[in-house]
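Encoded as structure tokens, the following chain is the form predicted alone, with no partner shown.
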């Protein structure tokens, strides 16, 4: 299969050789490194990618899950095109940042006020700082295997071994006040939040990088209760789940409101964006008029904060999503995909289970369905990598070969899903291990 891939991507191979001279490992983000070399996308529309060699792929990664309407949706392209003539970046206040904020406050159950960032990483950074400012506490608790971007204080226990540094160059002092607990473990959360040292507990309602792991029934509700009892702020990192699970995000889907919500991806309509939102009581600690003393106010800022291009793209996207029709389609496709894969696996000799909610799905090569990141370590990467080598030459695009997890978008069709299932059945029927 790899030989076939190399034969079909000769131009990409030459580009990769050039990239290796100017980009570490030849890529702009390590997760995009593909063996033996990446394919280089020339254009994208809907859920179809065309590479520089003319190969066409059906995209199941859709911009790291951000492109819920697919690539270059007409409505977003038109709105952005009109905005380009009015300005790409102002550096001053403008109406679009107000309009998007009003939509977010209307749609996100826990949101009363918000601030923008240019990425999810920045939103995590500013949100955790705000939590410490509001509570006067310095400790934070995060979930083992949870991914919150590159912010130092949360860049802990991201990958196994969970007790080792998650990156070279991390000052140990930046993570010494960050405690780590397993997902779906209320006893561990209760123990970690004892006393009055923890400012916040930050959790992805559905763990993304660990392979779309869903919360056990009652887990998020239990975290809400524990945080209330201990005066700890509950932070939902909804960079992935925000507007992916529905117009009211994961908190609306599960009926649990956090104190602070972190957003990104889908809300940007395909353009760089991040945001953090919550109650007026918490967010007034960002208000320089109410808190003119720097030592009492939580600082927030950024050159491209509230960029008008991202704002108009986000407004257009949310206006399409707010009535829920898109979710009826993509969630049905998600169910069709997960059920189809489960049927295929049950008829094969390969140990695998399916996880995911709504329009997301993941394949874990083990016997039991994982409940946390430790369980994911039991996955057998050999069949996962073999599956990737099987799917790529057949035109199915996704990232993370060792842990296949993917997203569906509005342009996907039942035919697309059936083609994916047919190719998957070929693999599971023939894989010998």
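Source: prediction; values computed, not measured. Residue numbers count along the first chain shown, from 1.
The protein also exists as the form predicted in complex with a small molecule; that form is not presented, and the subsequent description refers to it.
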Residue contact check: residue 270 to the small molecule in the model of the complex, 4.5 Å heavy atom = no
Does the 4.5 Å heavy atom contact test between residue 302 and the small molecule in the model of the complex come out positive?
-> no
Can you check whether residue 124 is within 4.5 Å of the small molecule in the model of the complex, heavy atom basis?
-> yes
Residue contact check: residue 327 to the small molecule in the model of the complex, 4.5 Å heavy atom | no
Would the small molecule be touched by all three of 244, 360 and 409 in the model of the complex, meaning a heavy atom each within 4.5 Å?
-> no
Which among 283 to 291, 108 to 116, 338 to 346, 235 to 243 is in contact with the small molecule in the model of the complex, heavy atoms within 4.5 angstroms?
-> 235 to 243
Considering 254, 147, 134, 219, which brings a non-hydrogen atom within 4.5 Å of the small molecule in the model of the complex?
-> 147
